[in-house]
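First comes one chain, alone, set out as structure tokens in the form predicted alone.
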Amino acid sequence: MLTRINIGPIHPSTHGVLRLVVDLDGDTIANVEPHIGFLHRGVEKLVETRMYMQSPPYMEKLDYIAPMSVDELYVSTVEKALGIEVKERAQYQRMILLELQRIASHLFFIGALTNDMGMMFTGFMWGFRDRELILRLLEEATGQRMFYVNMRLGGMVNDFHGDFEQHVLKTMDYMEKRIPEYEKFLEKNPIFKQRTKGVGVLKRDDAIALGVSGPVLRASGVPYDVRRDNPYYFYKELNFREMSLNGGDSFSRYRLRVMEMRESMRIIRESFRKMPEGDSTGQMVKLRMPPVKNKVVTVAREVPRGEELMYMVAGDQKPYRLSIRSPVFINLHALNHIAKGHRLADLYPILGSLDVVMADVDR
């Protein structure tokens, strides 16, 4: 006899408004059905009613943990549709900011995961304290603490100021010392290991069949990363190294993000070394653009939660059609497969290891 319970639609262990309908056999999960739509606001349709450069602020609301990633994806899609080339210096600056955003997102993940498990408020405070240093750098570069809207067609809103590189590298030196402390604090903690190792295993073939991406896919032994397999900007020239593990469990999904933070720091340092002199500012915002009609473009990016893909049919002065493939939406729908057979208490570290942001699920 199965017992059905509701978790949500508002629950402290969900990253947004999510309802889970869980069927239990005793304390064992027999089925998990995510109910979504509580945050749906029709963003894709709204974009079709506005001119091209009126929409970046809408894009950043899709992932409020890594808003610049979605903003850059949308602007890059418009650039491809309109045939606009991005300045070389701006490409390096975009990589630097996107990797800073990735580090900030993964720090949020670590803090939120330990909080979801209800075991270590210290991990939550550590993650948010160090994330604050990255947010200050992003604010220094863009003028905004959140929702940066810092991309312009062909470049950036503003070039980096003279001391920005020094401030970033100093923070990276600090983070390189901090990450081993996270590893020591979490990976030698018997409670953390017991609640994540072997919990929520997603096998390699199942990960491919379910279509997951990002750290969830790579933690299951599939070394697919858009930055390497469909490279953009100068990732290929920087000898980008994708990270992968074979465990496929919640611990591996945590561990992979720690590895990615180290690689992001290496990319940031290398980008500063190779960034040419010059100007990175893009075009001034113009609502009226050169006429283009019925051009179909697709752009993919490796955002912190996986492969985000944007499909656009360019219309005259505004998108005729816009569709977004969210990695969070796909990863969330793997929850039922991953959680079956586990105890109810395991549901929260499993969900937390998927790094769900509901605003990007519903749109």
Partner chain sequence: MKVEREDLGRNLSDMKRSGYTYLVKITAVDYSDHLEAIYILRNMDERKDVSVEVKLAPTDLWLDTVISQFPAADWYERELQEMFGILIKGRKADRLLLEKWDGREYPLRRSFEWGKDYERM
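Computed from a predicted structure; not experimentally measured. Residue numbers count along the first chain shown, from 1.
There is also a form predicted in complex with its partner chain; it is not shown, and the following applies to it.
In the predicted bound form, its partner chain lies farther than 4.5 Å from every heavy atom of Lys61. Taking the partner from the other structure, its partner chain in the predicted bound form has no heavy atom within 4.5 Å of any heavy atom of Gly247. Put simply, Leu133 is far from its partner chain in the predicted bound form: not one heavy atom of it is within 4.5 Å. In the predicted bound form, its partner chain sits beyond 4.5 Å of every heavy atom of Ser220. Only one listed stretch (162-170, 204-212, 133-141, 69-77) carries heavy atoms within 4.5 Å of its partner chain in the predicted bound form, and that stretch is 204-212. The contact with its partner chain in the predicted bound form, taken as any heavy atom within 4.5 Å, belongs to Tyr224 out of Phe147, Tyr224, Phe234, Phe272. Scanning 317-342 for heavy atoms within 4.5 Å of its partner chain in the predicted bound form gives Tyr320, Arg321, Ser323, Ile324, Arg325, Phe329, Ile330, Leu332, His333 in sequence order.
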